[in-house]
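First, one chain by itself in structure tokens, the form predicted alone.
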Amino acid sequence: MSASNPVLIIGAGVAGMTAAVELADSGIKAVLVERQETVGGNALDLYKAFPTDDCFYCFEGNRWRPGIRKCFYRSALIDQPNISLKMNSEVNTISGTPGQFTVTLSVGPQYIDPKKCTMCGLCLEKSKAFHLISPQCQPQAVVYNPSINDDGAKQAEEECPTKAISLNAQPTEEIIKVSDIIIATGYHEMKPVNMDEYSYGKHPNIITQLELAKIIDPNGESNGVPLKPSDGKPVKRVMMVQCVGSRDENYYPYCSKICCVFALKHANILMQERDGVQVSVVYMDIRTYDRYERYYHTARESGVEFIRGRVSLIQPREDGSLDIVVYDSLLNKYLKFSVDLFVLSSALEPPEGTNKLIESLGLKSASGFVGIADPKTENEVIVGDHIYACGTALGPAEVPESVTQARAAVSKILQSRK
């Protein structure tokens, strides 16, 4: 093994960024590959983080110095000399032997040079082809949509004061040598289009929790005001239903672990921070372990209505609202509700391409996620020889757990290099 070879990190969400920063701070070069045009993964869309209710980019900075926070937004990933950030890129092939992997990367066109973009806003004024993914995006740069190739985009390219725009940029292929691989591919929120009982995709006011998070985010289109997607009118009544696709032998038999906390976080925000909104939660079991129990107690104290049972009928009305019939298993009766927004707490599933990655590296699968190499040991981040996984690449996980696993993977690599 060549100790001078960098470490490949696949995925630049919470776990991937943590691993990259920890390796870089330890003097080891890391190649961080992300298929999107900004880092952060799902965290970019989640608004507040639990259990701290901070911005999702703010995490514990050092476990030995309580209270010190680290903001990934200010971590200067593109300026850290030990981190090579590959945005809009994917791993094409992996060959070689453990400790001496040869990796082929498909690198997408770099229309915007993030090191040159100063966020002056000129291109945003000239063309709709340019947009800012989020005020907290990293790298701090606009992105370009090549499908909107209008005269304004060409004018922006010509007038860009730092010459950061290259509309004719082409995709490239890059071959690198790496000693270790960290898989941090995250998760995907299931879109329950095949679950007819919930009518997802058939009515605009039936959404998922991730879609709700975007609606109530102050940086979103409505500045955090909950509005109905159907007509833009204020939301007054919200119903959430848990375990959509989770704990279901027809879809995913496992518990998605964080869905209850996710829903209660949003319920508390709506009840406490948005005037006049009432929330009901339909559940089979509420699983708020450890420090998350306070979310449940806060929700009860705030007036969130909890109904143990199942949704049996959804009927749209002409005004865009929804009539919902729920069987209450505790009262042994059917209850009828009229709501403006129906929110599905969908299963967390492996992202696209996970099976291909598992097969190409000869790894084990655990319900479609990356499985650990030896379940009998406590080495939960070791998934192969010189191959590690962390965060929701291993299955549903919370943010602190993902950060801990990323640090554990880095620790294993550091130990192997002594």
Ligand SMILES: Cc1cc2nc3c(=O)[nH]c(=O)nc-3n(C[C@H](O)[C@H](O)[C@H](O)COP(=O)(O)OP(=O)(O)OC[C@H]3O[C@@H](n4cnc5c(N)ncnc54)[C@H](O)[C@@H]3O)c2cc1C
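Throughout, we count residues from 1 along the sequence that is shown. None of these values were measured; they are calculated from a predicted model.
The same protein also exists as the form predicted together with the ligand; that form is not shown, yet it is the one meant from here on.
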Requested in this report: Answer with yes or no whether S365 is in contact with the ligand in the predicted complex, where contact means some heavy atom within 4.5 Å.
Outcome: no
Report task. Although the ligand is absent from this view, report whether V370 comes within 4.5 Å of it in the predicted complex, heavy atoms only. Result -> no
Query raised in the report: With the partner left out of view, is S26 within 4.5 angstroms of the ligand in the predicted complex by any non-hydrogen atom?
Result: no
Query raised in the report: Looking at the partner-bound form in the predicted complex, is L46 within 4.5 Å of the ligand by any heavy atom?
Result: yes
Report task. Quick one: find which of 259-267, 169-177, 222-230, 317-325 has residues within 4.5 Å of the ligand in the predicted complex by heavy atom distance. Result -> 259-267
Query raised in the report: Using a 4.5 Å heavy atom cut-off, are G13, E90 and L210 all in contact with the ligand in the predicted complex?
Result: yes
Requested in this report: Output the sequence-ordered list of residues from 15-45 with at least one heavy atom within 4.5 Å of the ligand in the predicted complex.
Outcome: A15, G16, V33, E34, R35, Q36, G40, G41, N42, A43
